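First, one chain by itself: the form predicted on its own, in structure tokens.
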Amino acid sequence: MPDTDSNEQVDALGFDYLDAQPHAAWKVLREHCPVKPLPVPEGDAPVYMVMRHDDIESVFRDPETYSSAIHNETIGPVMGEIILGMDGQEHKDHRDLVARAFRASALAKWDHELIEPTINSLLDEVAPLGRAELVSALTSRYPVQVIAAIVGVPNEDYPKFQQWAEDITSIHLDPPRAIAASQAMAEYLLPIVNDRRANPTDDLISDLVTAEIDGTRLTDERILGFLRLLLPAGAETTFRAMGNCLVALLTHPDVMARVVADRDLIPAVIEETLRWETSVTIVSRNALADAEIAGCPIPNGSTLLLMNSSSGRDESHYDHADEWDIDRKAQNHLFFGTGRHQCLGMHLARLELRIGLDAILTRLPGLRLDPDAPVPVIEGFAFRSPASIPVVFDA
């Protein structure tokens, strides 16, 4: 770990680590100050940004030293009792109960019965036009509708879920708005939860209310917490990841041509994009004991900001890390985390991305950037994705 003088030298470079285009600053930190202390009010616990892949992975894999309970403070007020804030046996028991909802047989059913019809219904609106802005027309709507359908929400209520997803993710900018959306979602879902408990079907809520381990079932509050988390987490990460995949393809027309001709390349497109532009950049942990990361002392009680998006560009872990290269030899990335808290929905997210990209390339032939519009840019600090993707195609 660099000494105090090195840390001050990095600060003197004048980088804004919260900038909408932070990769250059993060690169400097990885090289000179991979565990970056942040200024905090006097008396508050220390806060550190952790920048390198292997250091972040080691924290993910050490839940005895680094706790996830910080999420109870940051998003608990809007989400309720959630698995992200649990540790130890409580986390294991809760994860075992909800994991049943994401079993392989459920994914196989969702593939053709739910995900394909959802993306094709949206493409029905876009395909005849010859020109579109894909974020507003497609990517921001698709994952929310998939989650809503999995939950068992009627089609006519999809717009409500779209709005709740947007409102809930505003917790740090507009807490009253987020809390109101959380309450509205709970009031909407609780009657469905009660009905599925009495009359289970084959949807996700039925899986949650009937799941049982050693005579224990999920409480209503934990079911609602899981659903509140699933909506914005599942929709937010996947819609941004899909936008990043599309920007990568559209700005690399030679690769686009290869993928159009060979759809077996789509998984490589997805995995490389998840590494190259991790849509949710930060995961938080609390230190439960005095520790050390990359030679930097981490006092008990410290908050760690694990910079996932920085880890994907770590030159010590990936060759030519800033380049988007679908021919890169497969290597693990941390988009979905790792260890005990690895994302339960990662297989669903990959399925949505694969089906969605395949359908877009099929239904929008000749897809290319709109020559009359600005080139889309992936931007943001906490969340990274394009604000718009203007395209033209053969109607």
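Residue positions are given as counts along the sequence shown, with the first one as 1. Small disclaimer: the values here were computed from a predicted structure and weren't measured.
There is also a form predicted together with ligand HEM; it is not shown, and the following applies to it.
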Trp324, Trp110, Phe102, Tyr318 - the one with a heavy atom within 4.5 Å of ligand HEM in the predicted bound form
Phe102
Can you pick the one in Val59, Leu367, Leu344, Met49 that has a heavy atom within 4.5 Å of ligand HEM in the predicted bound form?
Leu344
Based on heavy atom distances of 4.5 Å or less, which listed stretch (132 to 140, 273 to 281, 186 to 194, 165 to 173) is in contact with ligand HEM in the predicted bound form?
273 to 281
Check whether Asn308 has any heavy atom within 4.5 Å of a heavy atom of ligand HEM in the predicted bound form, and answer yes or no.
yes
Using a 4.5 Å heavy atom cut-off, state whether Tyr66 contacts ligand HEM in the predicted bound form.
no
Even though the partner isn't displayed, in the predicted bound form is His71 close enough to ligand HEM, meaning a heavy atom within 4.5 Å?
yes
Against ligand HEM in the predicted bound form, would Gly312 count as a contact residue? Criterion: heavy atoms within 4.5 Å.
no
Is it true that Ile119, Ala148 and Arg263, all three, sit within 4.5 Å of ligand HEM in the predicted bound form, judged by heavy atoms?
no
Contact set, 349 to 374 vs ligand HEM in the predicted bound form - heavy atom within 4.5 angstroms
Ala349, Glu352
